[in-house]
Ligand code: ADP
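The chain below stands alone and is given in structure tokens; this is the form predicted alone.
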Amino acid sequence: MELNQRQEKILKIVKQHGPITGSKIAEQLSLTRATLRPDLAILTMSGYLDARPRVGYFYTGKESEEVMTSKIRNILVSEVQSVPILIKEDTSIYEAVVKMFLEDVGTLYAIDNDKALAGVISRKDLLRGTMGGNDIEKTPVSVIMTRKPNITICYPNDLLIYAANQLIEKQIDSLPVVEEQDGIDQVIGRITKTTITRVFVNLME
């Protein structure tokens, strides 16, 4: 994250004089405490500063790279997951191809009649299904999809870094985010390589 000129000045003051109150910082900058409040909040939330009641602000000693690393390591899957694209496991391969094209996604998640995760369908699965001599308008995706226990999943409270490692290690494009409801795994989100890239770019900006 790039700091503005005033935030850089605040950091310099806190490094030299911390712990120091917000009022004293404002005094040195010839500004009001209210004017500085947003900058102090940003610096504190970003990890550059810490604050203690009746003591004031002090510098954490973290540089920008350390702050970014710390933030990445603390992001939960639930904070960045996107909406999953679901189909029934008896959906035809043809309908799945159309669904994937219209939704512009790389993975579909198949569910059973109880809305539990039943399988994962990738582009490669659909390509294999259309080239295998099947009647794609009659053959269900259950014939070609990846089933449990070969499905890699993650949970809302998992760290995003864990999900990213799973994508890399398993060489897959996405992970279904599941939550146990009434004893079954229901798909409530998805984490993709695009998700990881977007988070990284947002932090850099």
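None of these values were measured; they are calculated from a predicted model. Start at 1 with the first residue shown and count on from there.
Omitted here: the form predicted together with this ligand. The next part is about that form.
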Requested in this report: Have a look at S46, T139, T146, T60 for me and say which one sits with a heavy atom within 4.5 Å of this ligand in the predicted bound form.
Outcome: T146
Query raised in the report: Which residue among L40, L29, L159, I151 has a heavy atom within 4.5 angstroms of this ligand in the predicted bound form?
Result: I151
Query - Options 72-80, 87-95, 131-139, 115-123; stretch whose heavy atom lies within 4.5 Å of this ligand in the predicted bound form - result: 115-123
Query - Residue contact check: A51 to this ligand in the predicted bound form, 4.5 Å heavy atom - result: no
Query raised in the report: So, in the predicted bound form, is L36 in contact with this ligand at a 4.5 angstroms heavy atom limit?
Result: no
Query raised in the report: Which residues, if any, of 141-177 lie within 4.5 Å of this ligand in the predicted bound form when only heavy atoms count?
Result: T146, N150, I151, T152, Q171, I172, D173, S174, L175, P176
